[in-house]
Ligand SMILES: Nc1ncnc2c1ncn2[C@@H]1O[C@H](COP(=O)(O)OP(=O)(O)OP(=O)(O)O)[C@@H](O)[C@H]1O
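Take a look at this one chain, the form predicted on its own, written out in structure tokens.
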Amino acid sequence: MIELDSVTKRYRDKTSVDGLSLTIPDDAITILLGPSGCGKTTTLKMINRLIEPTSGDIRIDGRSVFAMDPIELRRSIGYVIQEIGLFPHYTVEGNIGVVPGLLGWGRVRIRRRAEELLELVNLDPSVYLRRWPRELSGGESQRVGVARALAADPRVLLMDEPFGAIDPINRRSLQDFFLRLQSDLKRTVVFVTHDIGEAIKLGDRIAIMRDGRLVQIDTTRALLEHPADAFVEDLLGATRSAEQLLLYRAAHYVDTAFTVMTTEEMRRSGVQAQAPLIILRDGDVISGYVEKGKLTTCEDLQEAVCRFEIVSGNATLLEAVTTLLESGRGRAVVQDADGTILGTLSVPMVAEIMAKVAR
């Protein structure tokens, strides 16, 4: 647990953080959210003493960070930033091994840890271990940045707008990846963002700041349902019923009335299928879906096949319906991280859930 006790940071005639008291629980993602200049990043950097506060105390597991050597403190805390900050003259392995090397790990142990972490962030070690940062895409670089932050197995992870410079499609993918990672590793995460959707999707708790002060800290659901004042309400936006769809994961609301067949199986016995929807899958490839009722009305079976979108089970319902509306398609197939088909979602299904939320 991290505790900030009346923490203040002043720069001559400006107060960046003003008497902030905040408790950050174990094994959860706490989001620092607010407009530019509200003190989010300053607060984050005071936790690992990249910035020294003017007054107040910060404790990790009951011990003041000011009783620790600042270098040792930083080596015990993972840190991920928007600009990624990979060292251009080090390979991927070298970047991941920076902190373990400073802690005195041997080369073999560092190599094994780098391989283990690359697998954890879904990058093939045989492909990426010896690559240079200039050879990586933005999303790949960000995954390496997360791997580097986890290299010495820290309990605490500080993340300063880590996905802010990534394009929207890769950003959603990285958010889903990070949720899966947190589900496995259970770290204490402090995450700075100015993106409302990202905060609601990722956060277990959200701390809203304004002018260096804490305005409200609550669970994401409670925050949306009971904003503390007009500032919080304006920050979250007038369409809070739509934003509440960010609280719901696609995996939990799918239609499971489907069967999976190959194209040949559908041609032979599709009419006898028990489920009203047939998903066509040949090997690892999903080629489309067919509503069973259309098999008796279409002369050419290919006319009955509908195209679809694929949505991650970790996607929010708002992301799912946005994907469907942008693509113009009526249904999405929802898959788990390992490719397992969880079910389907349609715009009317999400609209019905949205109506319940609004009521």
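Since the model is a prediction, treat every value here as computed from it, not as a measurement. One-based numbering along the sequence shown.
Below: the form predicted in complex with this ligand, not depicted.
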- Message: Taking this ligand as it sits in the model of the complex, is C38 in contact with it (heavy atom to heavy atom, 4.5 Å or less)?
- Response: yes
- Query: Heavy atom to heavy atom, is E161 within 4.5 Å of this ligand in the model of the complex?
  - Reply: yes
- Message: Check S141 for me: does it contact this ligand in the model of the complex (non-hydrogen atoms, 4.5 angstroms)?
- Response: no
- Message: I'd like to know whether S16 contacts this ligand in the model of the complex, with contact meaning heavy atoms within 4.5 angstroms.
- Response: yes
- Message: Between R74, H194, R180, R171, only one gets a heavy atom within 4.5 angstroms of this ligand in the model of the complex; which residue is that?
- Response: H194
- Checked Q82, T220, Q216, T91 for heavy atoms within 4.5 Å of this ligand in the model of the complex; positive is Q82
- Message: Taking 4.5 angstroms as the heavy atom distance cut-off, pick the stretch from 347-355, 334-342, 7-15, 21-29 that is near this ligand in the model of the complex.
- Response: 7-15
